[in-house]
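Two forms of the same protein chain are encoded below as structure tokens; each is given separately, as structure 1 and structure 2.
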Structure 1
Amino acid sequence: MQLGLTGFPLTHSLSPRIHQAALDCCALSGSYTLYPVEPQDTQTLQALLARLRAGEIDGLNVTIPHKQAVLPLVDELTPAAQAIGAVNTVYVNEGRLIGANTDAPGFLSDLKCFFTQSNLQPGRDLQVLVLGAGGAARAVVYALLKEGWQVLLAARRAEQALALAQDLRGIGLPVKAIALTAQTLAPNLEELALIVNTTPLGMAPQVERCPWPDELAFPSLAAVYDLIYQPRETLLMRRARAAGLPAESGLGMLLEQAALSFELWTGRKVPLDVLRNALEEA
């Protein structure tokens, strides 16, 4: 099995460790290779996909900055990848390249684990605030809407949040969008059951940054999910826990989306603990 990841830069990717553990666990020989492709280099990206079509590579993950660039280069998109407007997994089916998105179901699976482990039962209204409106937010918001959550989307550039909300409204999924400031958030907090951070604020090496405004108290009944997985506890999570709220990092999502991609390529399910242990040992 020849698997791999394209994006740029890829120097800190944890995916090779995760997928090597998956291959080993299933006793499949093969490797997971990094294919760095610079932004705007569509030719190299196309050539890489041609190798997939030719059977030289069996499966490919796609990350920043190519998750959108890959859309017109595959033969078919899964309905979720189409609605989200981003592909993180490419696989081959009967000679056709299929673009899929495992971030959305990966996020949802881990969110469900988080709620179960924390003994949380969100109220009937299922109100969630999503911070940031970039690529990951698209998958997260889509997943939440499909599960019946009412989504409030907040981004530092309100126009970015509005654009995402408009795209989703276009396919019948309603989202409210606002600017990410203490003033605009304050009147919207009372009924929140969940806050999801999709901004990179707090990610290593800038671990002292936090997307939640300093002057704003957390809503008392919300849980906090931070997509960041390096470090395992971000400043946002630390502040939320100090305020008595349950908080979780994006490590579980990273493992879930990897396991789902691996299943699309190989048809094999890998226990998440195997993948988690591989990261911990490293």
Structure 2
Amino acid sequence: MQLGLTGFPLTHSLSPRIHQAALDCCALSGSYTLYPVEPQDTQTLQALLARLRAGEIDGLNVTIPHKQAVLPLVDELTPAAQAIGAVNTVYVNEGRLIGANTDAPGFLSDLKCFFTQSNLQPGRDLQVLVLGAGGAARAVVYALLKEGWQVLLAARRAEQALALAQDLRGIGLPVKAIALTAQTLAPNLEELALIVNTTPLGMAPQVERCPWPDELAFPSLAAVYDLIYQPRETLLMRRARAAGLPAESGLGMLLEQAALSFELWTGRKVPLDVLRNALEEA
């Protein structure tokens, strides 16, 4: 099987190790290849999807910045991908390209593990602050809303957060959106049970960046979940832990969504421990 990932940049991706371990576990010959495609390069993205349709590639993951760019390039969206407005997995069914989203269930599964392992009990109102409004944020917000959380969305580009909130309200999922600044965040922190970072700030190689405003203290009762998994501890996580808050990286989400994508491509379920061990050994 020929599987792969498209996005940009991809130099620090762990996906090849994860999916090679999945292939080996299922005794399937094949490989997982990185296909970097720069932002706005729609022609190369279309050509890559044409290879998938032609059978040269059997399955494709999609990451930043193309999770929304692929929407008009596939033949059909799963209901979740349609509602989220972002795709991270593309597979072929009877010659048709199907766009799916395994980020949402992958995130939710790992979040529940994080809360269980940390002995955390979210407050009755389940209030969460999501930082960022890109493709990953769409999946995270959708998953949280479906679980009954009250979501506050904050992005450096306030218009992007407002656009996402409007999209979700259009399918009956209410979201409040604000700009990601200390001034706008400060009045909204008291009741938070969770902060989720979906921005790339802090991702290798720019590991000294942080989406949380320097001058703003963390809410005392919140947990922090950072979707970034390279490095394993981001500056946001270090700052949160220094303030006494539990914090977790997105490595578990990466494994969860990868296992779900692999199942869509192959029909095979792979134990998460197999995928986790592959990374630990590496």
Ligand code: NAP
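Residue numbering: structure 1 sequence, from 1. Please read these numbers as outputs of a predicted model, since none were measured by experiment. Throughout, rigid core stands for the largest set of C-alpha atoms superposing within 1.5 Å between the two forms.
- Source of structure 2: the form predicted on its own.
- After superposing the rigid core, the C-alpha of Ser220 moves by less than 2 Å between structure 1 and structure 2.
- Once both forms are overlaid on the rigid core, the distance between the two CA positions of Pro72 between structure 1 and structure 2 is 2 angstroms or more.
- Annotation: rigid-body hinge motion between structure 1 and structure 2, rotation of the minor part against the major part equal to 14 degrees.
- Comparing between structure 1 and structure 2 on a rigid core frame, one finds that Thr33 has its C-alpha moved by 3.1 Å.
- When the rigid core is fitted, Gln43 shows a C-alpha shift of 5.5 Å between structure 1 and structure 2.
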